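One chain is shown next in structure tokens, namely the form predicted on its own.
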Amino acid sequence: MDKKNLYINGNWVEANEYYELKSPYSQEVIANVPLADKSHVEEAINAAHESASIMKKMPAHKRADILLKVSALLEENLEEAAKILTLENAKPIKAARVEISRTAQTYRFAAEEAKQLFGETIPMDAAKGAEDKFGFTIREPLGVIAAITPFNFPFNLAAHKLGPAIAAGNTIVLKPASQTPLSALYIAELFERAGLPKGVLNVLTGSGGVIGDLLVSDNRVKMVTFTGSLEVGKRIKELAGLKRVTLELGSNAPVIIDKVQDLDRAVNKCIQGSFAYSGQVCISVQRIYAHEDIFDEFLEKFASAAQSLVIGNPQDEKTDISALIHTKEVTRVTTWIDEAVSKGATKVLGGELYNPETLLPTILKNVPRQTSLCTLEAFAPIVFVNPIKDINEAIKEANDSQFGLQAGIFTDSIQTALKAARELESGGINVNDVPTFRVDHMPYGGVKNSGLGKEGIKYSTEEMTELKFVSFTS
């Protein structure tokens, strides 16, 4: 068991109180983690505020070099980082390695963006009376950015906030999820080794209610970037005032399966999209709408493939599915399953517990609209498959949601694909793939209650800058 400290102004700071961090799988205590209080938040914001002038003056090539060094350090220490991830959030070790590799790539993307923060020239003579003027824009850092990250991808989703912030010349106060503080503290160590100046990155662990509210409401913080629940996102928006805000708030992602020739491909993609990391992914497949002509065949193959997934210890190389992040999540989801069945749904597979922390892969069919499983975000290894008559019905069902982060459609028809691309109410549409597909340089962000703003390194970096216009008169 390891005792951790806060990271403030380049120093490792002890707290007055600590909490015991437990492994979601074994329930063993794995670390004592500091609970930051109001004074620590003040120190962290002040350190970030004071170091903002250093970052603003730092040349782009130096910012890029630091990010590249962090990327290289992650690759050198991939196994160590993956084990930390598996220990604190029960992500199967083979999936943890993939996240660390992606995180290293994300920091490389950020390093490239540090050198590509271009402005543009403005044709001033397009306006009468401005013929003697020359205009151009430049991008400047905002200053202090508060980054609040979730438990499910603690390395990579932190990179989507830290990487662009540093690329743009900002400073950061990072608040990781209470269940995954070890990854955030580890990445702070790597940034320290990479030569990031003191005060540029500060990591506060502990209560979101204490730390988050103070960060969001402080006038020295110029932007809040948050990934997490809708409820918390709404509160951040209320507290933030005129601050810039980026919110990624989840989804209950739909997939449409048209009458495709290669049904096996759709099945295999949906297995990965539905059950990767036990469904604890914002863009995990939750709702599948399959054409009635292929519905029975798809469901049979889908259930058979799900049955072959390996459930067990996340440290086992063969494990596909392990514990949910907390036992209360198991209780919540099993209640949703019971509710759906009581309202007419049919259980096709699973619905039972492997152990008190782990839900078996679960598939239901004919789930009614008025159920939690259809209207809310499950964040668990559970998916339903409902039949549809045609693409119009499929799009209507897919759009009947308060969310709209990403959606997928499998079809052999270019006309159907284009219709879906036009009409699906979602921030991203993946044709012949599941909504769970994401690479780290693409634009990523939702509509409706799935959030505000875009992530993806280029887009985040621009969000974290102020566009300044300059004109010269000859």
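A quick note: this is a predicted structure, and the numbers were derived from the prediction, not measured. Sequential numbering from 1, following the sequence displayed.
Below, we turn to the form predicted in complex with a small molecule, even though it does not appear here.
Site residues 163, 428 and 437 are none of them in contact with the small molecule in the predicted bound form, judged by any heavy atom within 4.5 Å. Checking 220, 198, 235, 83 for any heavy atom within 4.5 Å of the small molecule in the predicted bound form turns up a single hit: 235. The listed set 282, 394, 266, 158 contains one residue whose heavy atoms approach the small molecule in the predicted bound form to within 4.5 Å, identified as 282. Residues placing heavy atoms within 4.5 Å of the small molecule in the predicted bound form fall in a single listed stretch, namely 235-243, out of 235-243, 182-190, 269-277, 75-83.
In the predicted bound form, at least one heavy atom of residue 229 sits within 4.5 Å of a heavy atom of the small molecule. In the predicted bound form, no heavy atom of residue 314 sits within 4.5 Å of the small molecule. Using a 4.5 angstroms threshold between heavy atoms, residue 251 counts as touching the small molecule in the predicted bound form. With a 4.5 Å cutoff on heavy atoms, residue 112 does not count as touching the small molecule in the predicted bound form; it lies far away.
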